[in-house]
Ligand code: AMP
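So this first bit is one chain, no partners, the form predicted on its own, shown in structure tokens.
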Amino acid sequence: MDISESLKKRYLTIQNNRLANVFKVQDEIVSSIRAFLKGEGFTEILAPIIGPVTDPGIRGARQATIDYYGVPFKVMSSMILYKQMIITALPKVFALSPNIRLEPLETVRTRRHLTEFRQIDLEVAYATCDEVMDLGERMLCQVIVDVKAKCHKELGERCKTLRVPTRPFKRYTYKEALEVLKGIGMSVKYGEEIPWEAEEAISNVHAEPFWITNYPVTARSFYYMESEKNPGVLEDFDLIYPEGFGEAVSGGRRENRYEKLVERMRRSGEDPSQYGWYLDMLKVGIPPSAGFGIGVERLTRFICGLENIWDAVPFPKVAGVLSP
């Protein structure tokens, strides 16, 4: 049965005991993250599903739009703009956030893209990149400890090869990551987002998770803070899983200054008039913050050692496949 047929007949394939074990592991993953963040003083909030605007920085995917009482509203591709709103009331927040991104058809071959997915999205007022990166390292390590202890049977042979990473994780700047890629025969032009193939390749040559930091302004969206010490470089980061599993986490410090953000919008080709409530909020004033999102399905895929991300979710939605 090919991928399309398998997904269209999910009512049959979902009965596979292997998938049932994956979903039990996933339940423990989410429970572990919740317990960890609660212990760190976070408040869980309910994520928005629709709104006037959503995150435009979605690497070639299209946003979904609905008619909301005669006005076009976006289905959330990420709640990042809303996280900047809520920290005016609560300084440390997280949500299990659903996201819709209409990915290009070619993403199916990466085996790690879904058009509907969930991420743990968190934000911390007045935090630095180093602080939230440290939080992300400790969270990932704790999840792996908990899952190995509580899901030994469900993990099967993967339990033997799944190791708790050594902290602190290795860090590369974006420039250094491009040099690593050059050393393994992959050329990426400075200023561009690292392509999926290159991301998988650099992931493949590592046995433990690692960070890539300080992407150029041209590679990311307007809401990341540009470094004052190094103009043209962002205060941001990605966490990359080892063994070819690719991106785990994306985050950074947020731009909270109205004039700077409008300038960045225009430089990136965004129309500020489309972001009315968001810019009004920045005029009133919001605290600086940092945060990240970590995809639940990708984390499940990595922990369970799955070949395909559509086996890391009960009801998968994959580009071009009309599945239930």
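Quick note: we count residues from 1 along the sequence shown, nothing fancier. These numbers were taken from a predicted model, which means no experiment stands behind them.
There is another form of this protein, the form predicted in complex with adenosine monophosphate (AMP), and it is not shown here; the text below is about that form.
- The shortest heavy atom separation between I294 and adenosine monophosphate (AMP) in the predicted complex is within 4.5 Å.
- Residue contact with adenosine monophosphate (AMP) in the predicted complex: S203 places no heavy atom within 4.5 Å of it.
- Using a 4.5 Å cutoff between non-hydrogen atoms, A95 does not count as a contact of adenosine monophosphate (AMP) in the predicted complex.
- Contact annotation: A248 falls within 4.5 Å of adenosine monophosphate (AMP) in the predicted complex, judged by heavy atom distances.
- Contact with adenosine monophosphate (AMP) in the predicted complex, defined as a heavy atom within 4.5 Å, holds for exactly one of M76, L122, L114, L140, namely L114.
- This chain is displayed without adenosine monophosphate (AMP), yet in the predicted complex the stretch 240-248 from 227-235, 240-248, 183-191, 152-160 comes within 4.5 Å of it by heavy atoms.
- Although adenosine monophosphate (AMP) is not shown here, in the predicted complex the stretch 295-318 places heavy atoms of G295, R298, I309 within 4.5 Å of it, in sequence order.
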